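Shown next as structure tokens: one chain only, the form predicted on its own.
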Amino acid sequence: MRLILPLPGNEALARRLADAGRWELGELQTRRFPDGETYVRILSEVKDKAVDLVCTLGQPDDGFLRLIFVADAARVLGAREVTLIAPYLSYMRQDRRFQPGEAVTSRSFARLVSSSFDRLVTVDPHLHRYPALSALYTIPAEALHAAPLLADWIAAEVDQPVIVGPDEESEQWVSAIASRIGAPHAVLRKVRHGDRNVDVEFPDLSQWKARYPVLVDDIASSGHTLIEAARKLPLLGFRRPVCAVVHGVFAEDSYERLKLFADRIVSSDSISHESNAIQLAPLIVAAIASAEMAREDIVRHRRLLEPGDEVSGVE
């Protein structure tokens, strides 16, 4: 049995996961005591079940303790395993010590999560200097990829697109999207002068001026790069672009500023936002179902090899 248990604010995604996987949807009660401490109560039976806590980690500081309390309660109450489904994984930015005395928060956060869960499932974590999540997390951590979902949305919604990536690091990701839908692509060069001062340099795009530019990125946080690219594209003779991102963080007023230059802005539902147009539930459900089948195959294989069992064709 698998129980999908949403943390507050994650109910819609959890419901889509439960419906798509034909799993049980659980219920949680949470509130704050007058002194600000958190109260949690799991209202669903968790004993002997695989419990999946659904919690995007956008704005993680507001509810991380609550998440840990629920995970610990599920384990104490007899859950067979406790998995964190975090479509957006936070604290990937600080991956080394840039200044003396700084906390490398990506490692600290990974230790906290690894100590409370048996498994992590996320989507397109912002790996920069880490080769994989296994360099951080001591539990099985699966990073799913939403590029095919973005590609399929672009193919269905945008006529004659040209796919544009914001910087050189996006080359492999952007080329995969373009290849899937048979569209040309280009990659810009990002010149960063500070956290809030970013410029972009364009290659020669003149051969694709008749096409619809689609700016794609894995994450829109401050949005500075997307805003600058969207602002400049019309100056080069293109129409206002569509912007498609996996994780729409849109800190501060970045979404409103990007709307001034973009024809349309879409994101996945990894973080609840008005731009959500691409659902991740099918991707996550397929990964969980595949892992379940793999584990069942391993169990069956081990049972066949247990002493005293008869295996056809083996003497």
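Given the structure is predicted, the values throughout are model-derived calculations rather than measurements. Quick note: we count residues from 1 along the sequence shown, nothing fancier.
Omitted from view is the form predicted together with a small molecule, to which the following refers.
Listed stretches are 210-218, 174-182, 147-155, 114-122; the contact stretch with the small molecule in the predicted bound form is 210-218, by a heavy atom cutoff of 4.5 Å. For the options 232, 107, 190, 80, the residue carrying a heavy atom within 4.5 angstroms of the small molecule in the predicted bound form is 190. Among residues of the shown chain, residue 126 is one whose heavy atoms approach the small molecule to within 4.5 Å in the predicted bound form. When the small molecule is considered in the predicted bound form, residue 90 lies well away from it, no heavy atom lying within 4.5 Å. When the small molecule is considered in the predicted bound form, residue 222 lines it closely, a heavy atom lying within 4.5 Å.
In the predicted bound form, at least one heavy atom of residue 169 sits within 4.5 Å of a heavy atom of the small molecule.
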